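Take a look at this single chain, the form predicted alone, given in structure tokens.
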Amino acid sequence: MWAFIFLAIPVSFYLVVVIYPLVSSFYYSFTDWNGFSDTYNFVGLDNFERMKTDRLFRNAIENTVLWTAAAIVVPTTIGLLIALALHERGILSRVYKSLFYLPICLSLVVIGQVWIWIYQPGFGLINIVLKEIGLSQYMRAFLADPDTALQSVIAAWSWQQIATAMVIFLAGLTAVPKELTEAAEIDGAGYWRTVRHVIVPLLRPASIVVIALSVINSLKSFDILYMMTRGGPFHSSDNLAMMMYNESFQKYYMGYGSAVAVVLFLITLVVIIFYFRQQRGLEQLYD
């Protein structure tokens, strides 16, 4: 009885804050509600049919796929390299670990503001460095250029996610038996062959966690995108989360925005199911 009493408040909060909005999004995705009116019509699958011909939806899907691909490659690769470089390196390693971990302590809104300054066309760090090393032809307003806006936001977002990947890989490296790496060295395998054939396979559990977290975070990334570009210029940096916001709260097509939210939810659900299946497979393997 006491367990139910103590769980009543957090469960009620979860139902109101998470479950109710989730169910409401599914409900409103079948309507033409504008978000304010007391009256609305049920339109069936019209909102989902509209996606087939919506150029902005296709653009958001393409950008989301690009962002997800970058989320799999960039944080995973760089986070692993940093973890390998800092693993068991003494006191100096602790200092660098703290420095590399700092970005994860900042909110994405703060990180977005920092990188806005870095990308500034006039006094931004990147353009200053390009000018000083004689590459002035590559100077540009990165966030105002449709060709570089999305990549610039992804780079800023990855800067934070690398810290998460590094910490998880460092934890995974502590579970790698030293006997195996020492045996590889005795057999004449170089460092990188040892990493490729011994360490990386043993880091599979950590890799699955890193990739799953990176993909899920990339799918729901909104705050840094809103802070830096708001999906512009000309929707060049729109993703599904940004499109959902614009359709619902800028254009007041709450029904269509809810349909976009449903699509985003289903994609995320597929990733989560894949993650749990991989985790179950690993548990069975190690059992």
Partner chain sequence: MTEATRAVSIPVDSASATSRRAPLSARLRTVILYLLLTALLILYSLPSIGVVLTSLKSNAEIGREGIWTLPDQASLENFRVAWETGNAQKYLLNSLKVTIPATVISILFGVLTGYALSKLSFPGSDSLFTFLVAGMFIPPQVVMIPLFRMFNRAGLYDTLWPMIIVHIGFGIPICTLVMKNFFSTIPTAIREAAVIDGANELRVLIRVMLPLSLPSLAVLATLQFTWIWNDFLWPVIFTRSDDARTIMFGLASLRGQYSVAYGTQSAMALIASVPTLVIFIFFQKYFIRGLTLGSVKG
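Rigid core (definition): largest C-alpha set, two forms, superposition within 1.5 Å. Computed from a predicted model, the values in this text were never measured in an experiment. Residue numbers count along the first chain shown, from 1.
Unshown form predicted in complex with the partner chain; subsequent notes refer to it.
The contact residue chosen from 211, 189, 139, 167 relative to the partner chain in the model of the complex is 167, the criterion being a non-hydrogen atom within 4.5 angstroms. Although the partner is absent here, residue 61 lies well away from the partner chain in the model of the complex, with no heavy atom inside 4.5 Å.
When contacts are judged by a 4.5 Å heavy atom cut-off, residue 226 counts as touching the partner chain in the model of the complex. Contact annotation: residue 76 falls outside 4.5 Å of the partner chain in the model of the complex, judged by heavy atom distances.
In the model of the complex, the partner chain sits within 4.5 Å of a heavy atom of residue 113. Contact with the partner chain in the model of the complex, defined as any heavy atom within 4.5 Å, is confined among 67 to 75, 146 to 154, 169 to 177, 131 to 139 to 169 to 177. Along 105 to 140, these residues reach a heavy atom to within 4.5 Å of the partner chain in the model of the complex: 105, 106, 107, 109, 110, 113, 114, 115, 116, 117, 118, 120, 123, 124, 125, 128. Core-superposed comparison between the shown form and the other one: the CA of residue 16 exceeds or equals a 2 Å shift.
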